[in-house]
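Included below are structure tokens for two forms of one protein chain, each presented in isolation as structure 1 and structure 2.
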Structure 1
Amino acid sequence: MKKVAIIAQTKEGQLSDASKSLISFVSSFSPESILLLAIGDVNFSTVSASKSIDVIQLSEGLWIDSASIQPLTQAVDGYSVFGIKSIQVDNLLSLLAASSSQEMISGIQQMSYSGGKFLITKSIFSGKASLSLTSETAAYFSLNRNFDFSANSVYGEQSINSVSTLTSAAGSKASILALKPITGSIPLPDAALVVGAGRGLKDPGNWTIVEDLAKALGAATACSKPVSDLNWRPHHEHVGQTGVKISPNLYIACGISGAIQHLAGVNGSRIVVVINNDPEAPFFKHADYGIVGDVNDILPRLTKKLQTH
């Protein structure tokens, strides 16, 4: 493989652990060069790779349409570009693919590279099935958040060749009116851990036990459609076929029966734990682990256990 680029996920000036794992993963393809794309200032002291890395820091500007994306399209011309699924990463990858007329493959669960070909397993039909395919032409790749990097170790010590800055082009039809950073919560599409609940909580006033468990885990909170329809929870927490689709490492479903519409939004989860007082609840058939019992009893006990360890 000649050249690879990585869209890095960052938080508070640090590379995410997933981005570090992705650097290690693409290093195993033995590329001639690695280009790291990062938005904003980033501390690169913990980057490790088999080869030296060039860094392009993207300005905090508009990277949202074909006009503004042109400088970045030119910068990654000839590269295979990788990212781990998030709203920001998928937006950049899809714009780059469209503006360069190159193929993009998303929902990647497993991936290898051999003989000039990518061997890929990806999720399809809202996570209900997997598709195996081979590609020699795809240039943009979005890996699921629960992609398993465990088989790939870190290669060598970090070595940053150069750091440059790239600014989005003028001419965009959009403009930024205000920047309002999200604080105190984890965006659902980006969450590695999610605690979701349904009408089994019986009353919106009981939602504190869900929030307490999520806080103890460092997880995001989610809900089923009936809960958001009843205005127990905000609609941006609705997970399902007509809501947000998630692919966390762990999804804990509390008091949710498991309607097909909800399953369509959570089928990308690596591990699913179901807590329900109905042993015949359909969700148990799709769970890795199940607990039969009252969520109002079990959740506080789980939270207490987590807080004491």
Structure 2
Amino acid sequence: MKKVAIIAQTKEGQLSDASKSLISFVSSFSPESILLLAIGDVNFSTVSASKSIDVIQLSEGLWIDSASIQPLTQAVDGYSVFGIKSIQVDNLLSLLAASSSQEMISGIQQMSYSGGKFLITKSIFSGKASLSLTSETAAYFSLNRNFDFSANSVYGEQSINSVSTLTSAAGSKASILALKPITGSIPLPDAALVVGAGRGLKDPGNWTIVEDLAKALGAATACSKPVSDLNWRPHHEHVGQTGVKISPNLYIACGISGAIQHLAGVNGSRIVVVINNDPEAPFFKHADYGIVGDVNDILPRLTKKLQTH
């Protein structure tokens, strides 16, 4: 295979685990060379890959139109570019793909490369179905967060060849007026464990039992749409068809009925637990473990068990 580039997220200078998996995954295609486009600081000197890597650090900035991404378009000319789904990665990949007149495939669940062709499974209908497709020419790929990397072997430690920095070009008149990061909680899209709660909690004041359970687990909190519409919880916690799509290892749904629009956002979870006092709640059909009971009784008991054993 020809040249491969990866968009990777770094945190405190280190590569995220998903980015490391992505590097060894693309290594399995035996590319001629590997280029790492790092969003965030770079503070590592080795990677697990099939060959040594050149790193381009993307400086903070607005990579938001074909004028501002021009330097990057040139840097990845002739490369196949891979990323793991996030807001920034998908926005950047789609702009790059169009600026270089290449095709892009997003929502990739499985992927292999042989005989000069990619064979790809893309999830559609919020995970209810999938499409198998093939392409010799598509060059931009966004992999789902729950992409299964486990089948791909990890290569030896390689050192970094070179690190350079790329700044988005001036030319775009857009500017950031204020950054409003969410602080103090685990970002929902990244969380491995999530506790979600719905209208069954009855009152925003009752959320302490949800937060206590989340804290005991080290989980992020989520909610159903009516709950954020009622302003009981912030909008960014709302999961579902019109909200965030999550794919954690564990999702515990408390007092949520399991409407299809809610399921659309949580289908990708590995294990689903449902706690609801109505044995007929539709969510139980989509649960790995179900408890018919009152959240006010069950949640504190689970929290206590986690704290004591």
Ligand SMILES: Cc1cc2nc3c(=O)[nH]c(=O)nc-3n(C[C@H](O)[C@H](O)[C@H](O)COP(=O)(O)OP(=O)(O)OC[C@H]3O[C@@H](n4cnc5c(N)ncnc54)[C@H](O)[C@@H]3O)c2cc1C
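Numbers given to residues start at 1 and step along the sequence of structure 1. Note that the coordinates shown come from a computational prediction; the quantities given were computed from them, not determined experimentally. Throughout, rigid core stands for the largest set of C-alpha atoms superposing within 1.5 Å between the two forms.
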- Message: I want to make sure I have the labels right. Is the form predicted together with the named molecule structure 1, or is it structure 2?
- Response: 2
- Query: Is Pro31 one of the residues whose Cα moves 2 Å or more between structures 1 and 2, with the core superposed?
  - Reply: no
- Is Ala138 one of the residues whose C-alpha moves 2 Å or more between structures 1 and 2 after the core fit? no
- Message: After a rigid core superposition, would you say the CA of Lys20 moves by 2 angstroms or more between structures 1 and 2, or not?
- Response: no
- Provide the displacement, in Å, of the CA of Ile291 between structures 1 and 2, taking the core as the superposition reference. 3.3
- Query: For Ala192, what C-alpha shift in Å is seen between structures 1 and 2 once the core is overlaid?
  - Reply: 4.1
